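To begin, one chain is listed below as structure tokens, in the form predicted alone.
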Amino acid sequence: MSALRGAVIGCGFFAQNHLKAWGDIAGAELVAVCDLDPAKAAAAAALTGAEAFTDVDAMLAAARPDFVDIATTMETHEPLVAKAAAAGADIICQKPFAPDIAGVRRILQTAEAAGIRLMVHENFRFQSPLIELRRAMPAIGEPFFAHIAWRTGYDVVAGQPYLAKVERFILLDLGIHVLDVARFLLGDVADLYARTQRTMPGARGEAQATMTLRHRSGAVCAVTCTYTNRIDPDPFPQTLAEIEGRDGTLRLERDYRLELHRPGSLEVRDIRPGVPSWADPQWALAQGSVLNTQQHFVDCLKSGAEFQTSGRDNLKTFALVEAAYASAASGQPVVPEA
């Protein structure tokens, strides 16, 4: 089959990873890039060899892409999805999908009415260490408890200053990833209890969250995330996890050490991810997961297979974020409503 023709909308901070990854994706070629800032659009074109645009409508009409990668801020996703869907382009859209769950539902209705395919760039579950962790889970039998932690002091606001101004901060920016990992490992959630804390000076929203999830399987999972941890060396950007099962325990420790504990034995594996040729060592884990995410998107477009993080699937993850905010406000467990 010929390569699918793609376009990226949004050429800002994190979009640089999208742009670089598209150069390594089998079965796709980037033909257009678009940003309101002419300098950013020009830089993205120089990086990728694609044609630069500053107007989405002009780009869609001229380039006629098979798919678009929307890598803009969440407030713009709904109108951009509508434009791409009207042009008949399939879509991979950066998370968060929308500012609230009502927006998510409207986006899904738009895509489904247009008959186009829609995937969310929820890339943590595509990190190779987390894929290896899931593959190892049968060795511990039925899981009944897990702790998933993403804790750092990395200054996320430095690269994305708008985050300091939002009322809903870490849960919507980062927690959505970790909650999706919990679903990826343990399945859908029956109810959730959350506490949030405003621990970052100068930020309007919460910079720390602690959640307890009761999965439909009966397993219980503690999910913690923070941007204000003071630990040296900082584990950024690693997700750490421990999963207890009937027959053993798996621990994903820092520096990609995977431990399998069973009665009388300990097995240790190094599951550090491969590094793309264009990756920054500090960001290699995230950049590799972006590449894996985008390859999955293209592979599914070509095969017709369901996206792991389809719009409908991601609605369930977004419902966990909404449930966490509702629980933190009420002090009570909340049933997610997808």
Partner chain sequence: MLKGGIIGCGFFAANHLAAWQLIDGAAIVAVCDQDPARARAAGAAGDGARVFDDAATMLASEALDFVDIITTAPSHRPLVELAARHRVPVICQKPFAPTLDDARAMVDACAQAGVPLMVHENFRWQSPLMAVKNIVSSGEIGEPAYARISFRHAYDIYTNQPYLKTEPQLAIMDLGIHLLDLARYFLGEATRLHCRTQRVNPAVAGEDCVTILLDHAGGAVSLVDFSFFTKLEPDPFPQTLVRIEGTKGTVELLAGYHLRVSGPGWSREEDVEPAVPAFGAKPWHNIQESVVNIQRHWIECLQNDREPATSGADNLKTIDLVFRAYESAATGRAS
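Residue numbers count along the first chain shown, from 1. The structure presented is a predicted model; accordingly, all values stated were derived computationally and were not measured.
This protein has a second form, the form predicted in complex with its partner chain, left out of what is shown; the following refers to that one.
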Exercise. Hey, in the predicted bound form, is residue 248 touching its partner chain, heavy atoms inside 4.5 Å?
Worked result: yes
Exercise. Does its partner chain come within 4.5 Å of any heavy atom of residue 138 in the predicted bound form?
Worked result: no
Exercise. Closest heavy atom of residue 255 to its partner chain in the predicted bound form, within 4.5 Å or not?
Worked result: no
Exercise. Is residue 218 close enough to touch its partner chain in the predicted bound form, meaning at least one heavy atom pair within 4.5 Å?
Worked result: yes
Exercise. Check 197, 266 and 331: does every one of them have a heavy atom within 4.5 Å of its partner chain in the predicted bound form?
Worked result: yes
Exercise. So which of 238, 128, 72, 229 gets a non-hydrogen atom within 4.5 Å of its partner chain in the predicted bound form?
Worked result: 229
Seminar exercise, completed: Note: exactly one of 84, 111, 211, 176 sits with a heavy atom within 4.5 Å of its partner chain in the predicted bound form, namely 211
Exercise. For the chain seen here without its partner, which of 156 to 164, 76 to 84, 238 to 246, 96 to 104 has a heavy atom within 4.5 Å of its partner chain in the predicted bound form?
Worked result: 238 to 246
Seminar exercise, completed: When its partner chain is considered in the predicted bound form, the residues of 126 to 147 having a heavy atom within 4.5 Å of it are 144, 145, 147
